[in-house]
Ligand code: DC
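The chain below stands alone and is given as structure tokens, in the form predicted on its own.
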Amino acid sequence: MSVSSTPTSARGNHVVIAIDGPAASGKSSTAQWVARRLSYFHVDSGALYRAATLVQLARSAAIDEWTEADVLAGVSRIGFVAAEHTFVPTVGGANVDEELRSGEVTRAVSLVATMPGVRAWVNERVRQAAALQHVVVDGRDIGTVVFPDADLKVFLVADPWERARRRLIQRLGRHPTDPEIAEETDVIVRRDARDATQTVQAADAVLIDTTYLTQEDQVERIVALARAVTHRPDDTSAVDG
């Protein structure tokens, strides 16, 4: 199943759970677990921005010279397909998950994400996915722009130091040193400033500070909220590690 390029805005009777928050707040991994618990599909809007960035990097390494028109010229190569309860971007039909997480893409994706035309393209792909399945969508403006009528909106925050620590553990596969965390914290704070206009909490979103929460705690809170608003009974399924 793939998301077509035909514009679509209706999501029918499908449930949408929107999870927003700043960089490294744990949105994507938490959304994946929540989707698994509820048997919904996970949609990572950030992966589409990364895919657009990856394609543009292959076209031009001169990031300072990129324009919105340049980036949009390449997005026709990007697919968005359903696989194992998640929608994933492909480039030229190929799986590019590892390439999407590269340092080169990470450094350039914020620029691409500020381009209005690219944001409109991403938002349409995400809405198309929600027209096909119950979804848990994570991003920065999911509850404010993409799905202002989402069934549940959650906004995750955490202390920048803790977000930096978590990101480095994921990237390095070990516990980072304090100087490493301090350097990454500076990167995250500067990215927060760049992304501020896209990272806004919806007025009706539930704020969850994850600084002192385990990921299991985050998942349980959101699953409980989702069941309350969708009137789904509890189940006994475990969160897969």
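In case it trips you up, residue 1 is the first one in the sequence shown, and so on. Since the structure is predicted, the reported quantities are computational estimates derived from the model, not experimental observations.
Although not depicted, the form predicted together with 2'-deoxycytidine-5'-monophosphate (DC) is the subject of the following passage.
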{"property": "Heavy atom of Arg119 within 4.5 Å of 2'-deoxycytidine-5'-monophosphate (DC) in the predicted complex", "result": "yes"}
{"property": "Contact test in the predicted complex: Thr30 vs 2'-deoxycytidine-5'-monophosphate (DC), heavy atoms, 4.5 Å", "result": "no"}
{"property": "2'-deoxycytidine-5'-monophosphate (DC) contact at Gly46 in the predicted complex, heavy atom, 4.5 Å", "result": "yes"}
{"property": "4.5 angstroms heavy atom contact with 2'-deoxycytidine-5'-monophosphate (DC) in the predicted complex for Pro89", "result": "no"}
{"property": "Interface residue in the predicted complex among Arg127, Arg140, His134, Arg166, criterion: non-hydrogen atom within 4.5 angstroms of 2'-deoxycytidine-5'-monophosphate (DC)", "result": "Arg140"}
{"property": "Heavy atom within 4.5 Å of 2'-deoxycytidine-5'-monophosphate (DC) in the predicted complex - the one residue of Ala113, Ile78, Leu152, Val96 that qualifies", "result": "Ala113"}
{"property": "One stretch from 49-57, 211-219, 180-188, 31-39 that, in the predicted complex, holds residues within 4.5 Å of 2'-deoxycytidine-5'-monophosphate (DC) by heavy atom", "result": "49-57"}
{"property": "2'-deoxycytidine-5'-monophosphate (DC) in the predicted complex: contacted by all of Arg101, Asp195 and Gln198, heavy atom 4.5 Å", "result": "yes"}
